[in-house]
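Next up: just one chain, as structure tokens, the form predicted on its own.
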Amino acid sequence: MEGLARGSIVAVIGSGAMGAGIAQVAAASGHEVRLFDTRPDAASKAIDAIGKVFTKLVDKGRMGAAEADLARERLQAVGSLAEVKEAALVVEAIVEHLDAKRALFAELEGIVDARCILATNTSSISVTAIGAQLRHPERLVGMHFFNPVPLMALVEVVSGLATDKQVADTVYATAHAWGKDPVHAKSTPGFIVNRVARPYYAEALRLLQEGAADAPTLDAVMRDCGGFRMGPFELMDLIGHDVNFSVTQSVHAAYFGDPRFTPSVLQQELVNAGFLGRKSGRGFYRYGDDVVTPAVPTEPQAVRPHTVGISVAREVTRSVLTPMEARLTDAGLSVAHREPLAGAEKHEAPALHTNGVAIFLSDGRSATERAAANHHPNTVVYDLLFDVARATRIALARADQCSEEAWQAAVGLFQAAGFTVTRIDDVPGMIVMRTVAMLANEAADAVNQGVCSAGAVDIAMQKGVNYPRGPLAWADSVGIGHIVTVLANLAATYGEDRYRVSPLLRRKLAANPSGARFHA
């Protein structure tokens, strides 16, 4: 399927940050752009600002001078909707209000050619609902860009129930021609990104409320261990708690109260207090010239052990253990393979053993619960690492039964391998592991419900919110079986439907217990 022909007219309705960004990208991609806004002079001012952006790009060597001049010439502010009648594509970027969008598209239907594609940049409103009153709803499609439009690669191409496949395919190809990474999605609440991203915030808020650690520590673990560009609390502060809380409420209501999307009382309190994040000067953090960045507590230096044993289970994905073994060996530790703990089931491995302490990758249970199940009080669990070889920090939790001597042995082991050790309270699933498991679970449910493909959800989460790895690719890396175990253990501990396992994860595992994967 081909996209819009180069030189064809693209109309953008709304000249705010999103509309101006869309106009800039379309003009730079060779389209004549008609920019309309109901506010006097708003479109002209936006075009002037876009022109200055082009100048900066030329100064930085990212755009040729002649190319910039041509792109500027393609931009035209128009004073009425009637002046977009020759457009091949109209992209709406106005206020997020269903009635306003419906009224706009109803008016556009009487102006543009019958072949013109109508696109909405809505981030949360049903495309089906927006098009329901149109005479030709089949030509309406979602074209959801991410802010800032010129820099963010993702475009969600969202089909409502009436959207014609050819229309969606044309918009997909057009977005690709504009240098974007488009993905197809079905019009369901939150589409892909705003739905699948909810656990990133929800699990962090629950962990904070349960006293797993303070916000700076949880953020540091998600960045340094999980590989995320920003921790959840600093990200929520950046987005604004009023906005983030509103989106969560919207998704929760749209899914008729599904507990997976339950809003946080803790975040509601911040909104009630007016602590909205960066824009108000206070959220989970304080902002200002004299504010000191909070320190993240780390464990003091412990004695370096001489040897470490590793017990292995065949069904556990090797990628979980092999890099850790390599890092320990590179640190000069003597590593020996051994049988799992006496009486422990196979799934208890892989485990590290040194000076009487057993150290396990989190499986969704607390260290205390694992110690009781294995009859081994000196138990420590460690959190998931995005890149074992390069990670600078590791998060550990100790069983309530664990002796101080055993704890120090575990700390010394990881410090010997070059990790900064951060202790968190003994919460089920730790931090990165339970977050990744929930992200993978939500992504799997989106695929299972026909919202998008496995490839699309991974692209969307990497390109739309800068995750270090797509959630389903991460499930492949950790092992789908381990992800299912983590979720099942969380569900058993909390007794909540929030942690129910996606049927698609169970199906994948049943079909191939030792090698289930979403991606070949």
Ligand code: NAI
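Numbering starts at 1 and runs along the sequence shown. Every value quoted in this text rests on a predicted model; they were computed, and no experiment measured them.
Omitted here: the form predicted together with the ligand. The next part is about that form.
Pick from 282-290, 139-147, 221-229, 365-373: which stretch has non-hydrogen atoms within 4.5 Å of the ligand in the model of the complex?
In short, 139-147.
Could you check which residue among Ala82, Ala106, Val95, Ala336 gets a heavy atom within 4.5 Å of the ligand in the model of the complex?
Of Ala82, Ala106, Val95, Ala336, the residue with a heavy atom within 4.5 Å of the ligand in the model of the complex is Val95.
Heavy atom within 4.5 Å of the ligand in the model of the complex: which of Arg195, Lys101, His241, Lys180 fits that? Just give me the one.
Among Arg195, Lys101, His241, Lys180, a heavy atom within 4.5 Å of the ligand in the model of the complex occurs only for Lys101.
Touches the ligand in the model of the complex: Tyr467 (any heavy atom, 4.5 Å)
Tyr467 lies outside the contact set for the ligand.
So in the model of the complex, does Asp458 come within 4.5 Å of the ligand, heavy atom to heavy atom?
Result no; Asp458 lies far from the ligand in the model of the complex.
Might Phe36 be said to contact the ligand in the model of the complex, defining contact as any heavy atom within 4.5 Å?
Contact check for Phe36: yes, within 4.5 Å of the ligand in the model of the complex.
Just checking whether Asn121 would be counted as a contact of the ligand in the model of the complex - the rule being heavy atoms within 4.5 angstroms.
Yes.
Partner contacts in the model of the complex for 1-30 (non-hydrogen atom within 4.5 angstroms of the ligand)
Going through 1-30 in order - heavy atoms within 4.5 Å of the ligand in the model of the complex - the hits are Ile13, Gly14, Ser15, Gly16, Ala17, Met18, Gly19.
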